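The chain below stands alone, shown as structure tokens; this is the form predicted on its own.
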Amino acid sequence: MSKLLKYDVLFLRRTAKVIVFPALIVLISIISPLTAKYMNQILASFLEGSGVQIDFPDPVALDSYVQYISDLNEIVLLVVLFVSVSIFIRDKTKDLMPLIFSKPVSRTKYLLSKYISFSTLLFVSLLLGYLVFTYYTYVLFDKVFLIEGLVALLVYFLYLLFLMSIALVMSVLFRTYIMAILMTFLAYIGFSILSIFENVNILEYFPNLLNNYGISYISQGALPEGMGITILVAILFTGGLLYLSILLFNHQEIHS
């Protein structure tokens, strides 16, 4: 397992993902508090001279956190979807599978190594970004929700793990990057649509609702009702999808 992890980490370093992801998240961590702080002034300047007058409420620290989670969802989440598929399916599209498995390599450890290495990169990047975000939020708003924000970030990371497990299944099922990313994206859209019907009993704890709970936890300072169950459901979904990908891969023929 250690050799496989070393191989996957080396691949991430060669493709500069080990720099790009932290840089992207740190950039968002700087821009989000600034946007939350000065957006009202920007909007007011656009409306100046138009005859339209709107009284914007003064921004508070919570606005910075809402902006941060929103920006992560809009940018990082989509990047993770595309990049995770490319990492998981790379050896297949490069016809490296026969060479890799001509040696006594465990297929289970092979998949887990890729998943763990990319997950670790994401976690370290998010943690670094959160430290930067916390600093700028404190400077601009003189207040932070340190623990609550960290919990929300961990919940967001769990959501990314869930989406990565979907990408892993699709990468096992399909031979081309285009088909794998298309099906991954369609699955993401499908789960997002289902989250609209959160009042339906069977759907009220779907993993897509995790981010809503993260913001609610920051604003309330206490665990919202249903948050614990949703986290448990997300863990079960992620574990189940990982198990499914391993099961499918272990019974799959390797073609050159």
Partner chain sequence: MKSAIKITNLTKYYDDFLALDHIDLTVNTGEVFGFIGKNGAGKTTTINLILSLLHKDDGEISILGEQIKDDRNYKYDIGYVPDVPVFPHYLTAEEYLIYACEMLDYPVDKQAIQDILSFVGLDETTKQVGNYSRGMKQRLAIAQALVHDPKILIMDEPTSALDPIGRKDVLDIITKLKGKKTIFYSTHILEDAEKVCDRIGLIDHGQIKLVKSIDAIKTDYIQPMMIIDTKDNQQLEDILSKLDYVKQYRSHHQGVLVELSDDLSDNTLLTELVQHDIIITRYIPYLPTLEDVFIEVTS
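Numbering follows the first chain given and starts at 1. Keep in mind it's a predicted model, so treat the numbers as computed, not measured.
Not pictured, yet referred to below: the form predicted together with the partner chain.
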Seminar exercise, completed: Contact with the partner chain in the predicted bound form, heavy atom within 4.5 Å, among S106, N73, S86, T120 goes to S106
Seminar exercise, completed: Per contact check vs the partner chain in the predicted bound form (non-hydrogen atom within 4.5 angstroms), the hit among 148-156, 97-105, 176-184, 162-170 is 97-105
For this session: Look up in the predicted bound form whether L232 has a non-hydrogen atom within 4.5 angstroms of the partner chain, and give yes or no.
Result: no
Exercise. Though only this chain appears here, would F11 touch the partner chain in the predicted bound form if you measure heavy atom gaps against 4.5 Å?
Worked result: yes
